[in-house]
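The chain below stands alone and is given as structure tokens, in the form predicted on its own.
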């Protein structure tokens, strides 16, 4: 049997041969002459001289291979109470018709199309239709503020925008059309036309001359065939938050994306074609691109588009219902979703209502998975829980469990080991490798593997400054961590979250691990606030498990004692406060940097991706009780 070590070494020994072999699983119009193209000055492309089409590989080839009757997409919406299934044959017809309608309106290879949609199959169809004719899509999270959408319109300069009339949240309708209209009004660039998918929950008013109805737009058009594109042709642009407030447009080239994602489905997520795979995310995020839309379909799996929440639609058992009803084999979600479920159902009583015997493993990513959450999930589910680590920029796993190759021992707190293509190293500030067990900056030796970002959209200088300049010859991840003696990687914090307390470099993640072990704590965050004496001091925020009625002062005193006991007095951890909720992005990342600015009394820009801005007022009040800001 092949081991992980064998596979990783085969990549190290001959990267070109490794990726050319992986590329054989993809249908090419013209095969590439080699895998890696070195453009010089630390810039690289993969399979650049091949010709290929994403939509063909994700849809048509499965129909051609006689699997058109297999379900491609299951739309499960507990918010509307509906389940809809679309086969590969149906998906091909729907995508070809939409692509034909776009082409008839003048959208061609290289044109940009912004997609502003909720969690409906039509969002995936729009993405695939763009890929079918070589248009470059940029999905913007449905319901994003008008100003933020305007910024992306001006950067991508789309010929068209495809949007829905509304999105649905528990108990409310999110009106997309006024946000879209406001964004176009604010933006300098104006799209030639907008396609509006009208949902029955809200039919929006169309702007005459600019807006077209989704169904009327496609009526009577000639379906489009797949257009082969160069291997280095952009499949999409995905905007990720930039530290300057100006979003960064991550570019994803077509061929490397196809090869890497296809490879990942069996080797990491351990599913075979025909099986059901579910990533509980949103098409607005990279997980939605890679593992709701593209990878499962490229690999011939059935993918689930879920319109709901981990709790409240209708209860903390909704994940288990979906897994049981649709026979999900591999499940991918964010740790924050499990923390929400754990808070509502700490004993896992909902799990016992469903048959989860078909589920092989759960994969967590999107933020650091604290050991307490992993252990809780493993206990209540009785399944392997695999943390894995990657970024919007990389598009797929940097370090994870190679479950389809070999199930390595789980070390709770580690996303396991680097995947082929990633030479992960821990560096000090000067760029020197650190010994095992030492905390430092996590960097990846160039070149990055296929499927990762080759550059930023119209911003090569910013690309270099953001990722390449700090450690020449490396991609700077922005995360801090260490590698142990067995080669397991540990992500301890964003580089910004390593705090310096009286000359000691300490990980806020390590402190959060301790707090999460308190029996009454459902979720927590630790930030470093400015301290004139020590440089920085840690402050903890804890959310309590439902039903806990003890005095908050008792709980926070116990939390302080636990950190001092397990990390030591060097941490100088003296302050913790109970809060109802933590401020997060819609994808579940805790907005620690914003919390620091509030504590330090600094001005801050409201994060575009924040889930509920009102939570910042609660954090401000909690910090006031601790005496922050000091000035």
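Please read all numbers here as calculations on a predicted model, not as lab measurements. Residue numbers count along the first chain shown, from 1.
Omitted from view is the form predicted together with adenosine monophosphate (AMP), to which the following refers.
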query	finding
Residue (of 491, 316, 271, 403) lying close to adenosine monophosphate (AMP) in the predicted complex, criterion heavy atoms within 4.5 Å	491
Residue among 523, 76, 155, 387 with a heavy atom within 4.5 Å of adenosine monophosphate (AMP) in the predicted complex	387
Any non-hydrogen atom of residue 298 within 4.5 angstroms of adenosine monophosphate (AMP) in the predicted complex	no
Distance check, residue 513 to adenosine monophosphate (AMP) in the predicted complex, heavy atom within 4.5 Å	no
Interface membership of residue 368, adenosine monophosphate (AMP) in the predicted complex, 4.5 Å heavy atom rule	yes
In the predicted complex, residue 391 touching adenosine monophosphate (AMP) (heavy atom, 4.5 Å)	yes
Stretch from 537-545, 392-400, 213-221, 258-266 whose residues place a heavy atom within 4.5 Å of adenosine monophosphate (AMP) in the predicted complex	392-400
Distance direction in the predicted complex for the C-alpha atoms of residue 432 and residue 536, relative to the displayed form (3 angstroms or more)	farther
Closer or farther: C-alpha pair residue 536/residue 477 in the predicted complex, relative to this form, given a change of 3 Å or more	closer
